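Take a look at this one chain, the form predicted on its own, written out in structure tokens.
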Amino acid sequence: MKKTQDIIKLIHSLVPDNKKIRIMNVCGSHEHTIAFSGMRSLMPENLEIIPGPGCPVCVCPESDIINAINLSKKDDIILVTYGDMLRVPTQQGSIRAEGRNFRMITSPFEAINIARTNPDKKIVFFSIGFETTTAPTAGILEMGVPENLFILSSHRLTPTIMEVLVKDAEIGIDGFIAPGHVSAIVGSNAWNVFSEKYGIPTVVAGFEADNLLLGILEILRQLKDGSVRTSNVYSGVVKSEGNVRAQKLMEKYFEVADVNWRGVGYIPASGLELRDRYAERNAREVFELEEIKEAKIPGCICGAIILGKAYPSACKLFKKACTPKAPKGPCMVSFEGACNIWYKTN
């Protein structure tokens, strides 16, 4: 394997002097590595590495969070969800600040245990995230869940949002670093559409700095040679076909839906909801949840940051009114959010 210094030299040699190259990473963990390693400072001036919509907490619609808060206020309900979701701000506050009966979990399997030990309560699992977290949620449904456990699904599809980005001329993406965790589920073949249909080099990469550098190098080589394809420099973990068993379970329990992305808007066929035959497990149906209009946060540009149209440092609230301890927008809450990462590294 080439030494880090050699990879960086090759990257510099492949970036043309008269053209700006924009490569987007679509994973919060990738952005974490890029920012904390100081990788951007080692790149040529005309090579941009842009953080994209890699934070599931950031794009979870405000309506779902408010509905979760309201459910937690009912005496016969316990809301369970991942830790970061407790702190995401909404027009009605956060789950932690305004909710009542809620518990933090780190795995869907904990939701089953909570349901079994609280048979007199209705347990609502507020399940969010991309394909990486959808698969284990489908897994617990396949195992069989207690009758008092319900799912509030706020899952999103990564390839769909990436296709939206490609079609936006304002962003101007020359290459994608595809998310490693998601790719382990969907497989590297899931990204073929970008190389084959749109002519954009797409490389699956892992989370070590050296592996990400190899991914960047591979994109630049493709741009130089004009031989665009989908490559995988994380082949020890990601297979071309992905986790077929997980994909089948997701297909069994979830169906594609038109959903809202916070700060972005409605995107057709970009989310996953429980299929009609599992309506008795669907919190939206059981508790007759309604859509709540999203409120704009004055000064917050999370939407533009999620889409790769602005860096966190361009936000007037960044490091001033908006900090990890007192977040104004969702991008500052999660350790996968670009604003949270940039706050700690810039």
Partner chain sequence: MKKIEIGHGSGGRLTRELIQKVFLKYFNSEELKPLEDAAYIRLKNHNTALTTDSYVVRPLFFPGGDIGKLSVCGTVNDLAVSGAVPGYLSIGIILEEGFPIGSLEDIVKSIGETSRNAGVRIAAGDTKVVEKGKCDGVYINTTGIGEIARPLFPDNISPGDAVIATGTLGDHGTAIALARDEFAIKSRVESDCAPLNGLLTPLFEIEGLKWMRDPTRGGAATVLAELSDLTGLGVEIFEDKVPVREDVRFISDMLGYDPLYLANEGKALIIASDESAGKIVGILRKHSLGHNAAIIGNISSKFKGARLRTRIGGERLLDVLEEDMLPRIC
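All figures in this text were calculated on a predicted structure; none of them were measured in a lab. Numbering follows the first chain given and starts at 1.
Heads up, the form predicted in complex with the partner chain isn't pictured, but that's what we're talking about next.
Answer option from Asn70, Asn46, Ser37, Ser313, heavy atom within 4.5 Å of the partner chain in the model of the complex: That would be Ser37.
Single option in Val256, Ala209, Ile171, Val193 placed near the partner chain in the model of the complex, where near means a heavy atom within 4.5 Å: Filtering the options by heavy-atom distance leaves Ala209.
Contact flag, Ala304 vs the partner chain in the model of the complex, heavy atom cut 4.5 Å: So Ala304 does not count as contacting the partner chain.
Interface membership of Met162, the partner chain in the model of the complex, 4.5 Å heavy atom rule: Judged by the heavy-atom cut-off of 4.5 Å, Met162 is well away from the partner chain in the model of the complex.
4.5 angstroms heavy atom contact with the partner chain in the model of the complex for Lys122: Heavy-atom contact with the partner chain at 4.5 Å: absent for Lys122.
Exercise: Lys19 in contact with the partner chain in the model of the complex, heavy atom 4.5 Å: No, Lys19 is distant from the partner.
Stretch in contact, per heavy atom within 4.5 angstroms of the partner chain in the model of the complex, of 195 to 203, 101 to 109, 181 to 189, 128 to 136: Single hit among the candidates: 101 to 109.
Triplet Lys9, Lys167 and Leu220 all within 4.5 Å of the partner chain in the model of the complex via a heavy atom: Per the other structure, none of Lys9, Lys167 and Leu220 touch the partner chain.
Sequence-ordered residues of 331 to 345 touching the partner chain in the model of the complex, heavy atom within 4.5 Å: Contacts from 331 to 345: Phe335, Asn340, Tyr343, Lys344, Thr345.
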